[in-house]
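First, one chain by itself: the form predicted alone, in structure tokens.
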């Protein structure tokens, strides 16, 4: 299977310095989607011989990820694995996603619920009750998408989403795709902090948007 590793990155130069050397030992096809960074994110990627797309404006983590998925589809890749640039997702765990993929599964999520803060656990519990999605770690960006999932996520409907978690999962489940989880090891961020939970104002915006999205999707297929 022709696989592309897609990494959205906003001001992640320092983290990429640590991540890319190890990642290149595990994967040959890597794409950094530089989300209009103000640091040396693009320069670091190019200096290490890694392909990099620089966006003309900041789209956010999901917009950058969708750009990478569209790039992969246009170049004939069979599947993509999305990773965070902050060092949480370990290159050594790529093989775990590969090995868990079967013909009956369309999406594999690398899950490590222990990493979640109390605040995040409360938020995810609320959204899981609201949507009945049977997935432990709703926000893990460490995912394998097959071509069918890629095609759905490259579409216009997915472009309306702001985040890569609940909305993406609802869209995939509504399309009849099978989502599976597999336990993986993760680390804390090497540098910086979560942008979704960076302040109470950002958290409030996220909760309102995601709750509205969940309410608008009642009746979708909930099982994985």
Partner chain sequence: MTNIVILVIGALMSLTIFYLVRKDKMHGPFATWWLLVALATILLSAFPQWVDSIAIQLGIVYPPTLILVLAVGLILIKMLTMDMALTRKERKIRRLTQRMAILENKLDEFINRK
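Source: prediction; values computed, not measured. Positions refer to the first chain, counted from 1.
Same protein, other form: the form predicted in complex with its partner chain, not shown, and the subject of what follows.
Answer yes if any heavy atom of residue 98 is within 4.5 Å of a heavy atom of its partner chain in the predicted complex; otherwise answer no.
-> Taking the distances in the predicted complex, the answer for residue 98 is no, it never comes within 4.5 Å of its partner chain.
Does residue 177 reach its partner chain in the predicted complex, with heavy atoms at most 4.5 Å apart?
-> The answer is no: residue 177 has no heavy atom within 4.5 Å of its partner chain.
Non-hydrogen atom contact residue 43 with its partner chain in the predicted complex at 4.5 angstroms | The answer is no: residue 43 has no heavy atom within 4.5 Å of its partner chain.
Is residue 39 close enough to touch its partner chain in the predicted complex, meaning at least one heavy atom pair within 4.5 Å?
-> It does not: once its partner chain is placed as it appears in the predicted complex, residue 39 has no heavy atom within 4.5 Å of it.
Considering 90, 123, 154, 81, which brings a non-hydrogen atom within 4.5 Å of its partner chain in the predicted complex?
-> The residue in contact is 154.
Could you tell me which of 164-172, 66-74, 22-30, 178-186 sits within 4.5 Å of its partner chain in the predicted complex, going by non-hydrogen atoms?
-> Comparing against its partner chain in the predicted complex, the contact stretch is 66-74.
If we check its partner chain in the predicted complex, which of the residues in 36-56 reach within 4.5 angstroms of it by a non-hydrogen atom?
-> In sequence order, 52, 53, 54, 55, 56 come within 4.5 Å of the partner.
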